[in-house]
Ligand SMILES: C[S@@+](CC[C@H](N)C(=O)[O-])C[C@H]1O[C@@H](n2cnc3c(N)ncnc32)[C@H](O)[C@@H]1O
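The chain that follows stands alone, in the form predicted on its own, written as structure tokens.
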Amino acid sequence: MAGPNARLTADLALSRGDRVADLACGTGVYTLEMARLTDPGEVVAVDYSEGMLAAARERLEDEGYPVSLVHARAEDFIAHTPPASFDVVSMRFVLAYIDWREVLPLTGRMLRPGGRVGVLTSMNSSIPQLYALFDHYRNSAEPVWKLYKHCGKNIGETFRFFRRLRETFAQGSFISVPGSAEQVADRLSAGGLVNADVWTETVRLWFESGRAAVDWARGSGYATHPSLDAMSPRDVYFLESMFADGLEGFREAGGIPLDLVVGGVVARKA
């Protein structure tokens, strides 16, 4: 994802002395890049994961850059930040975890005149290989048979597990990211911002196996849902294994491909 991230950073036109809010900063890879470009300005790194914040602190301090760390949800930080507090707001791959339709228009109040908001996000057309499998499994008897064997051929347990999966996932409503970069731009415009750049890019990732692709999807947060936290590790492993096996059907000469459709938007405050 280096290319799309580099483009967003360049489009933000960071200057020395800028004050930057990096929302959902993760381990601070791009926080560090922005700190280098704005030094001696201040970068405020926000994340809801204490582990991510600790990694970000270590990364920036190792490079000699001070950083202000805030343990908070992105939407809460936006809601409680005083008006005109920042020159730049960076939001990279956070829209899947917030009510972006409501939150994006609120970012404009955080900016000083001439300030910029940059958003990088996956689109709902991302990873079509996994979605094709999901669509196949929800309309096929194949997973029922596999689930039956997974549950030790216990009909009652199989039915309960299957019903829970159907109620949670069957309609696909769990996919909450935007359908296009233009939708992101429209919500920023609703907050009084002027869109300066709107673009979409497809990035193909290659994996040596279906299991490696599923491990990446889970570990990166691309395949996540609160209901999975309530499942036993054994049941989660069953779902992961079913998708890992299915992804082998997409194998090409270079391995197993996953296509990420990424949208970027930079908007300015007049």
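No experiment lies behind these values; they were computed from the predicted model shown. Counting begins at 1, following the sequence as shown.
The form predicted together with this ligand exists for this protein as well; it is not shown, and the discussion that follows is about that form.
Only one of Phe161, Phe93, Tyr148, Tyr137 comes within 4.5 Å of this ligand in the predicted bound form through a heavy atom, and that residue is Phe93. The single contact residue among Phe207, Tyr65, Tyr30, Phe238, judged by any heavy atom lying within 4.5 Å of this ligand in the predicted bound form, is Tyr30. When contacts are judged by a 4.5 Å heavy atom cut-off, Ala72 counts as touching this ligand in the predicted bound form. Remark: Leu258 does not count among the residues lining this ligand in the predicted bound form, judged by a heavy atom distance of 4.5 Å or less. Using a 4.5 Å cutoff between non-hydrogen atoms, Ser49 counts as a contact of this ligand in the predicted bound form. In the predicted bound form, Ala21 stays away from this ligand, with no heavy atom inside 4.5 Å. Contact with this ligand in the predicted bound form, defined as any heavy atom within 4.5 Å, is confined among 187 to 195, 106 to 114, 72 to 80, 149 to 157 to 72 to 80.
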